[in-house]
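Below you will find one chain, with nothing else, as structure tokens; this is the form predicted alone, and questions on how it binds or moves follow later.
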């Protein structure tokens, strides 16, 4: 059988292709019952029932030297499978993969580590797996330990390490191999904030040195900022590829459309937390467009309407209805209520609907959560408080601002 990992060639004058996949397919078997014993197999000729699952279907791609590429897509789309094919952990069923240069990979947590060995011993083990001689590892040992910041624990067995310590050691070894190609799975998300920043700075250094970097990640902001290009995988096939910001935006738009379609089929899902005495209860909250149609994806600058259905079991004087908007990381963006806005409802009883309307939504692209509440006039007693219970998304459309808000402005030049 010919070797599927071949070295590639490139016409003179062009940046060489260092990674190339041609028509790659990868199959996994999904078993629906336990494996038969050896005795059952010999006596009955019985085999376990399974179905074929194609994790990758006819995937072809080229990655040029010095390019940083991100693989994005939902869980199960084939991102990590493709990365394992590039590292030769897996072999494709069909197609070929060409790699040119020294490859270093950081995949599953603790991959290549022996739990009973110390951190230092695992540096030698992992370094040798990645192609370094003992002399080369000794020359880089102090630098690896310093980068990992594990000096106090380097002589302890790694089975006692936390997940963050595993990541520190694995990343420190992987980058000190001085690879031509660095392959990174989602693993960096495990580290603490300070170490993540340190790793990102190192990745930028490697980019400046002309190294080729491939990253699998759900952190789309990181893909947008770090990567030159992105490849969007869906159900084992490439759905989009190109400049990273454009591919990330297209992927987010698709996710938003799917969420909007799901929201149109069912009532707005409730999340977050809820409390209150219950004399007035919020029974439903829905997002609407200017035609009054339910939706969960809005475009910056278009009308944004929220309808809050309630039931008051008894007569309530001067109730206060309010909303608050949060980014999905919990940042409080805005909050208001009918009392602040000098809209007084004299009294309510029974069923009713309160409408909150923004004529031109200023929010930029992102995912947001809305709180809906009803209090007494003092705003101290909660009848019903739904904290960050309702989710919606915003696409910036043709607006290319950065941040949270679109602030209309003009520019001029005076000479």
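Residue numbers count along the first chain shown, from 1. Small disclaimer: the values here were computed from a predicted structure and weren't measured.
Keep in mind the form predicted in complex with a small molecule is missing from the figure; the text below concerns it.
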query	finding
Residue 127 within 4.5 Å of the small molecule in the predicted complex, heavy atoms	no
In the predicted complex, residue 81 touching the small molecule (heavy atom, 4.5 Å)	yes
Contact flag, residue 337 vs the small molecule in the predicted complex, heavy atom cut 4.5 Å	no
The small molecule contact at residue 55 in the predicted complex, heavy atom, 4.5 Å	yes
In the predicted complex, the one of 155, 178, 315, 74 near the small molecule [non-hydrogen atom within 4.5 angstroms]	74
The small molecule: the contacting residue among 294, 218, 114, 91 in the predicted complex [heavy atom, 4.5 Å]	218
